[in-house]
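Single chain ahead, by itself, as C-alpha cells, in the form predicted alone.
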C-alpha cells in the first residue's frame, strides 16, 4: 500500500508539471489553422531581436560566471581553510538574494549609481552593463556558493594546501592550479545554474533598460499569440539543456576518478 501511494504521488507530480508543458507546446504548434506546424518557432528564429538579446544575455552570463568564480572560489576556500567559525555568517549573506526581491536590489543600484552619484554607472551603456553583471552575480550567488562549497567538502583542502606550500607554491598558484581544478565540476554546476538565471531574469534588465533576453520574452508575450509559447519552450529547452550538461559533467568526472 505504501509503495502504491508513493508511485501514485510521483505520477501525480509528473502530471502536474508535464501537462502545462504539453499544452503550451501543442498551442505553439497551432499557428497554422487546422494543422500542426513550426511556423511560430520559425518566426522566433527569424526575428533579429531574438538573436541580439540572446547573444547579449550569453555575453553577460559569461561575465557573471567569471565574476562569480573569482569572488566565490577564494572566499569559500579561505573560509574552509582559515575561518570555519565565519561559515554561518557567510552562508547567511549568500542566502540574502533569495530573500531580498530583485526589484529592491536594482532600485538600490539605481539610487546609488545614478548619473548624479559619485560613481555614475547608469550614465553609459558600458557602466550599466557592468552594473547589470553585478546584479546577476548577486542573484546567482546562493547557487554558485553552494556548488563550490559542496565541491570543497569532497577534497582535503588543508592537506592539499600544505603540500603545495611545502613545494613553494603561492596562494594564487594554489587556487588556480590545485583548488580550482579539483572543484571544477562544482564550478561548472554553478555556472550552468547561473546561465539559466541570466537567460530568464527580467526585473533587473528591464529596469536598467538593457536589451536582454528576459525583457524580449515579456515584450513578445504582450504583442503576439503563438510566438510566446514557442519562445517559452525554447527557453525551457535551454534550461533543461544546462541541467543535462551539469549531470553529464558530474558523471564524466566520477567516471574519470574511478578510472584513476
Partner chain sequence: MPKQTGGQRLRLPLEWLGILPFVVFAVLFLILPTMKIVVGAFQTPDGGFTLQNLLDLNTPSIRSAYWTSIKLSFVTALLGCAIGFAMAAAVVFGGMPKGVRNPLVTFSGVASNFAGVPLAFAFIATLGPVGLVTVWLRTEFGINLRAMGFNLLSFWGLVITYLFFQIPLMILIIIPALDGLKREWREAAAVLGATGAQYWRMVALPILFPSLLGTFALLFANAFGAVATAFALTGPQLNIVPIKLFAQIRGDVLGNPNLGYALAFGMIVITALANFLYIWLRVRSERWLK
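Every value quoted in this text rests on a predicted model; they were computed, and no experiment measured them. Positions refer to the first chain, counted from 1.
The same protein also exists as the form predicted in complex with the partner chain; that form is not shown, yet it is the one meant from here on.
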- [ ] Identify which of 69, 232, 63, 29 has a heavy atom within 4.5 Å of the partner chain in the model of the complex; exactly one of them does.
- [x] 232
TODO: Check each of 191, 212, 44, 217 and return the one that places a heavy atom within 4.5 angstroms of the partner chain in the model of the complex.
DONE: 217
Open item on the list: Can you work out whether residue 137 and the partner chain are in contact in the model of the complex, taking contact to mean some heavy atom pair no more than 4.5 Å apart?
Closed with: yes
TODO: Would you check, heavy atoms only and a 4.5 Å threshold, whether residue 141 touches the partner chain in the model of the complex?
DONE: yes
Open item on the list: Contact with the partner chain in the model of the complex for residue 122, defined as at least one heavy atom pair within 4.5 Å: yes or no?
Closed with: no
- [ ] May I ask you to check whether residue 96 falls inside a 4.5 Å heavy atom distance of the partner chain in the model of the complex?
- [x] yes
TODO: Could you list the residues in 81 to 112 that come within 4.5 Å of the partner chain in the model of the complex, counting only heavy atoms and keeping sequence order?
DONE: 82, 83, 85, 86, 90, 93, 94, 96, 97, 98, 99, 100, 101, 103, 104, 105, 107, 108, 109, 110, 111, 112
